[in-house]
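Just the one chain here, the form predicted on its own, laid out as structure tokens.
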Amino acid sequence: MNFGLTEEQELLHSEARKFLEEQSPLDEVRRTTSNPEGYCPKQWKTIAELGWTGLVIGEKYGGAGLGWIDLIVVLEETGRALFPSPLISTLIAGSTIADFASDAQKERWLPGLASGDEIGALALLDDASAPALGAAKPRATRDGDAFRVSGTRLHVIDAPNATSILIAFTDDTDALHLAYVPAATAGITVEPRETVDRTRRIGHVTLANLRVAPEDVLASGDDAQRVLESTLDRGAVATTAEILGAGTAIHAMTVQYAKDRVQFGSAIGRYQGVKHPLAEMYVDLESIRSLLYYAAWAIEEKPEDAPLAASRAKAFATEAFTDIGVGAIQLHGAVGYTEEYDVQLYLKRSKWARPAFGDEIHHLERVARLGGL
């Protein structure tokens, strides 16, 4: 198979980079993340008009009708720019609904996600770094043909800005259910929480006797388990795409610093102790790229391979990105830790990306399990 980008994908890539360089340079990222929302509504509206929020939603529902390779082309650039937005959660919510919801639910939910009028969040796990599929703590009791759900979901990505939330819960028979509900529904409370990476917003979601109507239920039982696992795989692949972009940016930044920083009469980049780590970073980034593109391709073209491919990509990327972030700080010297240097922003992103949709320990164990070990 050929993972070279098509002419249209190259254009999408160049236009995404151009937009982010012009509209969201790192100085602007710093200003944006100092606001309570953590993102710029004006920029959100612009990327929605560009079609980013509806990339993998069909044209019938107002989306672009593109595929996952196109999606990671854009997400690589948002990662490179550390673009602060609720894009990943909105894209994953839209992708899951597009593939697994009923026709009536698609008509109801997808146009708002595609247009950017709706912002999605995924309240699926309590421990994002070690997902336990089916271990849904919020519990539900029957209320006629509806559910009444109570419980808490911790560290939900993009919850503070979400207008709708995909929630996992179990009933009194321990059957799993997934429901998509407006965040403003009575019984939902979101408590914003700060993290080391201010380009990402998270929140604790508390459900108190939340009424979930039958038409809000996306899947139940074994179907819900399958949809949940697929959703988490998509989140892992999307996060890996941003890891690749951020890792590429921090590598380029450090290479330039090694060329510019003069010590003992020479640029430090001429020393083996600097050249070799930079070369190892480059090899790791190219390895991430190969694993990522196959995982994205498998989501659409070979779903049976997607779980293993997604875990391989996320496991390797998570560990490599952490090493790249630490290595870049070390090569910058003590100044790399200071607030005025941009390199520390990427190290903080690696701290957010590590647990998102499963850390390397979870995914390595999953690779072993799926591989029959």
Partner chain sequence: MDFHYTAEEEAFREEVRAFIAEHNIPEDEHEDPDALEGWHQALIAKKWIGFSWPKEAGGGGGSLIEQFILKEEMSEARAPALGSDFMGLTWVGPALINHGTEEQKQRWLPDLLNCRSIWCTGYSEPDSGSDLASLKTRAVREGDEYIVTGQKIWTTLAHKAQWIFMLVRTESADRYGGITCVLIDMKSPGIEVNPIPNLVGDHSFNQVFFNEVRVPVANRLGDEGQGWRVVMGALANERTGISESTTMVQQLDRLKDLARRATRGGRPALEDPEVRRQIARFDCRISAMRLNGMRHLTHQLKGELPGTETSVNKWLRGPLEIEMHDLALGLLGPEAVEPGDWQRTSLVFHGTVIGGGSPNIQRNIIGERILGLPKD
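Numbering follows the first chain given and starts at 1. The shown structure was predicted, so the numbers you read here are calculated from the model rather than taken from an experiment.
One more form of this protein, predicted in complex with its partner chain, exists but is not displayed; see below.
- Stretch 282 to 290 is the contacting one of 176 to 184, 157 to 165, 282 to 290, 143 to 151, since its residues have non-hydrogen atoms within 4.5 Å of its partner chain in the predicted complex.
- Taken together, the three residues K45, A114 and D171 lack any non-hydrogen atom within 4.5 angstroms of its partner chain in the predicted complex.
- Residue contact check for Y294: one or more of its heavy atoms lie within 4.5 Å of its partner chain in the predicted complex.
- For E319, a non-hydrogen atom is located within 4.5 Å of its partner chain in the predicted complex, even though that partner is not displayed.
- Taking non-hydrogen atoms only, L11 never approaches its partner chain to within 4.5 angstroms in the predicted complex.
- Although the partner is absent here, E21 lies well away from its partner chain in the predicted complex, with no heavy atom inside 4.5 Å.
- Contacts to its partner chain in the predicted complex (heavy atom within 4.5 Å) from stretch 241 to 271: H251, V255, A258, K259, A267, G269, R270.
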